[in-house]
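This document starts with two versions of one protein chain, written out as structure tokens and named structure 1 and structure 2.
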Structure 1
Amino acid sequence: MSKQQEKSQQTRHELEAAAIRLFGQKGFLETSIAEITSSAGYSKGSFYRHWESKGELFLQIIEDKLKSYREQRDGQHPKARDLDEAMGAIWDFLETIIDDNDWSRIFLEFTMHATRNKALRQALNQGAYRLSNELFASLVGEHVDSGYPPEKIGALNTALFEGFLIHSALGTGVLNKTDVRRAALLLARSNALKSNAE
């Protein structure tokens, strides 16, 4: 890597770090590109050499964050022996995201923002930016003996997780991680196992 490439990569990382910090403090919508560049000590031109918009920057941050979570998960979990272990692996992974309070709130805010922007919505639905229903399905798939589609179990985990993030962001305090994890396991068992599906 040349000195110029190293400098460009350093600039990008510093701008991302400033954005994450400001998004955590003020939220995605309330943070401007000017604030990001000023906080990182760069010009707006430096920002636009890397991204076309604040939304594009946030997609990069999501991709990097989910990649980091996935690497943690992949290094920690051996192949599951049964459905309970597979669900445990999924929820251990999801809880690392839940425990990152600032990040989960920012992610929710951006997701809602993206629903009103066709380009961001389409990008956000791509695998690099989403929790992987397919990956969750592959983790539970070999333990499903009822004929229920594993993809639906994967999608149900994502729906429960995202619903819990909203619930937590509202601060109702009625449910906790253990409640949702238990509900996800019971739902998976009731659909995936022939003995429970009958």
Structure 2
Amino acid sequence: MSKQQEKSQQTRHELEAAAIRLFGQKGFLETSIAEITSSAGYSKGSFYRHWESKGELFLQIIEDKLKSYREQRDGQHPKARDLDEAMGAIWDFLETIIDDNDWSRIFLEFTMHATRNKALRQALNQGAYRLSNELFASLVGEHVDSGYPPEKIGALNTALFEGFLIHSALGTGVLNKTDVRRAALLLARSNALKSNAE
């Protein structure tokens, strides 16, 4: 790699790091390009040598985040022996997202934004920017003996998870991670296992 390329890549990384920090702190709309570049020690114009627009950088960061979450997930738990283990694996994973405080908020905001944008909405529903549905179905699916559709169990689990993210973002402090995990497990058991069925 030439000296120029090295310099360019270095700059790109510095700008990206500043953007990750600022987007996380203040959100997409509230973070300006001038803030990103000046906080990294560059001029406003330098941004456009590296990305075509602010939105492009944001999407790239989101994709990178998801990729790293996914890698973390796939490296873990290869298979679970029963429902409790499957749910444990899922929530170990979800907790890493919960712990990435700033960014779980951004993901929620992004999800809400996608709500109004057809292309993004499809991307989310197909899992491109979403972590969940197929995972739940495949991990939990084989441990369902009640006949209840696994994708519904997955969707309910996601609902509980995302609802908890809202709760956390508001900082009410009534619930903690253990509470939701436990609740999610109870819910999955009630729906998935014959012995708990109504």
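So that the term is clear: the rigid core is the largest set of C-alpha atoms that superpose within 1.5 Å between two forms. No experiment lies behind these values; they were computed from the predicted model shown. Numbering for residues begins at 1 and runs along the sequence of structure 1.
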**Q.** Number of the structure representing the form predicted on its own
**A.** 1
Q) Is Glu109 one of the residues whose Cα moves 2 Å or more between structure 1 and structure 2, with the core superposed? A) yes
Q | Rigid core superposed: Gln9 CA moves 2 Å or more between structure 1 and structure 2 | A | yes
Q. Honestly, after the rigid core fit, is Gly45 moving at least 2 Å at Cα between structure 1 and structure 2?
A. yes
